[in-house]
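The form predicted alone is given below as one chain in structure tokens.
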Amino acid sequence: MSDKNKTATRCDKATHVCDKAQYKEATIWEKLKLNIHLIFCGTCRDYSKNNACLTSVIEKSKICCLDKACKESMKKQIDQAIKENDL
């Protein structure tokens, strides 16, 4: 395997851990390895900064999501409308 492919694989793993860390799903060991990788990789460092910025913007936006019951109700209404229009 070439060095370029090894680096790409490491960066793929690093960005995956970065995403997991954003949602507080990464283990301490994964975060430690990510931070070591970020010391040496500017591209992943930029990705991590952008991820943190995006998370901050979304949290500040105070977006309200629909609850599961509301989504199910909407789905039933859409399915019913489709059935009525197919006839």
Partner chain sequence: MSKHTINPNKWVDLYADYLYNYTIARINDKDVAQDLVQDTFLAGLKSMKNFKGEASERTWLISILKRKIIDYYRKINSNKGKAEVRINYSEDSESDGDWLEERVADAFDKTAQDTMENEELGQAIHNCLSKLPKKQAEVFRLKTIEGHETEVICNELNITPSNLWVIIHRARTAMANCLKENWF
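The term rigid core refers to the maximal set of C-alpha atoms that superpose within 1.5 Å between the two forms. Residue numbers count along the first chain shown, from 1. Source: prediction; values computed, not measured.
Omitted from view is the form predicted in complex with the partner chain, to which the following refers.
Colleague: Is T9 near the partner chain? Define near as a heavy atom within 4.5 Å, in the model of the complex.
Modeller: T9 lies outside the contact set for the partner chain.
Colleague: Closest heavy atom of V57 to the partner chain in the model of the complex, within 4.5 Å or not?
Modeller: V57: contacts the partner chain in the model of the complex.
Colleague: In the model of the complex, does T43 come within 4.5 Å of the partner chain, counting heavy atoms only?
Modeller: Taking the distances in the model of the complex, the answer for T43 is no, it never comes within 4.5 Å of the partner chain.
Colleague: Can you work out whether N35 and the partner chain are in contact in the model of the complex, taking contact to mean some heavy atom pair no more than 4.5 Å apart?
Modeller: Heavy-atom contact with the partner chain at 4.5 Å: absent for N35.
Colleague: Since the partner is left out here, which residues of 32-64 would have a heavy atom within 4.5 Å of the partner chain in the model of the complex?
Modeller: If the 4.5 Å heavy-atom criterion is applied to the partner chain in the model of the complex, 32-64 yields Y47, N50, N51, C53, L54, T55, V57, I58, K60, S61, K62, I63, C64.
Colleague: Kindly check if the Cα atom of K24 is displaced 2 angstroms or more between the shown form and the other one relative to the superposed rigid core.
Modeller: For K24, whose C-alpha is compared between the shown form and the other one after core superposition, the shift is less than 2 Å.
Colleague: Using the rigid core as the reference frame, would you say T15 shifts its C-alpha by 2 Å or more between the shown form and the other one?
Modeller: T15 C-alpha, core-superposed: shift of less than 2 Å.
Colleague: Aligning on the rigid core, do we see the C-alpha of I63 shift 2 angstroms or more between the shown form and the other one?
Modeller: The answer is no, as the C-alpha of I63 shifts between the shown form and the other one by less than 2 Å after core alignment.
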